[in-house]
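Let's start with one chain on its own, the form predicted alone, as structure tokens.
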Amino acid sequence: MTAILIYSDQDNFALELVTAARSLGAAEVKAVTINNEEQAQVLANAGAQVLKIDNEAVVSADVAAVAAAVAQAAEKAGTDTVLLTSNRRGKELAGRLAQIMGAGCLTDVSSIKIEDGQIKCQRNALGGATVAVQTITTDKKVIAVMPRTFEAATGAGGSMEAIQVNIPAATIKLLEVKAKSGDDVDIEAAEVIVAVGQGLNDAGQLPMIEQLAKKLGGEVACSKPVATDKKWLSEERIIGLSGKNCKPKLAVLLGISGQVQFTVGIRDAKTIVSVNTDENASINTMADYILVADLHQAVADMNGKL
């Protein structure tokens, strides 16, 4: 494979995409940055050939403008394959970019490799009930890779080159940037997860869950209903198809039944411990250790021992 172009507006995700491109045997890894001199330097330091776009017409909030800029960068780079990050903005960008390029597109890719001269992409299918290996058959390809699928790239010998793009005036006017209110936890980066489900009696029991997570050096997470229906925790802590994909070394799952919408976000944990009163709970089929017990008593006991 010749050159692959990568783009993400976040430094750490962009570095992961550099590693992804290298894993495909790209002769050249080219990275596009948009109005971000610091990111350009970070990627060049990691060995990427950076194409810098400095154009006030490209507003980050206008995904259509970003897609147009990346498409023009791909043309200038002479590459038919673009790797993006499969987060919320990245998935929207993937669709828009594929349309402009006339490319095939896959998102939420959890593994990529070259096999028989083709890029094989592994991703969830049928609502997460199974994993499918899919291939884009068009010459041009846009692939959005899940965050933390690859390690951040390191290296040296990169370069930077300014390029010009022709972008119409933005249709969106950015007035202000504010930090997202509420929880700033990053459960995807946690080495230990203590997750609660609807088996938790009430929000008043959360302090003991937080205490256990703290003693284990981890973060508290939850199934979707705990955050969206009961409002006991923030949506930043949801694991699963509608939330975060976590790969901790240890996942302690408390009172979680094991619906597929949840399990797709935690099944790659190295060790899974399930605490549930139901010995036949679906979650137990994927657990390494199973404790059939009331989670409240189990957590109290664990806190007492740790």
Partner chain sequence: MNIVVAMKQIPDLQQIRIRNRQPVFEDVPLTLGPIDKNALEAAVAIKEQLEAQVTVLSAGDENVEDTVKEALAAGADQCYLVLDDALKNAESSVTAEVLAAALKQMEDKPDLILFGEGSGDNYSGQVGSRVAAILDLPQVGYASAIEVGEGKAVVTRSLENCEEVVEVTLPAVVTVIAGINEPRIPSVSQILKAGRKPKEIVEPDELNLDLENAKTDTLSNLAPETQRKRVVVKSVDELIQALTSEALIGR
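Numbering follows the first chain given and starts at 1. What you see is a predicted model; the values in this text were computed from it and never measured.
Heads up, the form predicted together with the partner chain isn't pictured, but that's what we're talking about next.
Engineer: Quick one: does Q261 come within 4.5 Å of the partner chain in the model of the complex, counting heavy atoms only?
Structural biologist: Heavy-atom contact with the partner chain at 4.5 Å: present for Q261.
Engineer: Is the gap between A152 and the partner chain in the model of the complex 4.5 Å or less for some heavy atom pair?
Structural biologist: Contact check for A152: no, nothing within 4.5 Å of the partner chain in the model of the complex.
Engineer: At 4.5 Å between heavy atoms, is K120 in contact with the partner chain in the model of the complex?
Structural biologist: Within the cut-off, so yes.
Engineer: Looking in the model of the complex, any heavy atom of A287 within 4.5 Å of the partner chain?
Structural biologist: Heavy-atom contact with the partner chain at 4.5 Å: present for A287.
Engineer: When the partner chain is placed as it is in the model of the complex, are L174, I272 and D301 each within 4.5 Å of it, taking any non-hydrogen atom of the residue?
Structural biologist: The answer is yes; L174, I272 and D301 each reach the partner chain.
Engineer: Which single stretch, out of 197-205, 87-95, 71-79, 154-162, brings residue heavy atoms within 4.5 Å of the partner chain in the model of the complex?
Structural biologist: Among the candidates, contact is made by 87-95.
Engineer: Can you tell me which bits of 88-116 touch the partner chain in the model of the complex, meaning any heavy atom within 4.5 Å?
Structural biologist: Residues within 4.5 Å: R88, R89, K91, E92, G95, R96, A98, Q99, I100, G102, A103, G104, C105, L106, T107, D108.
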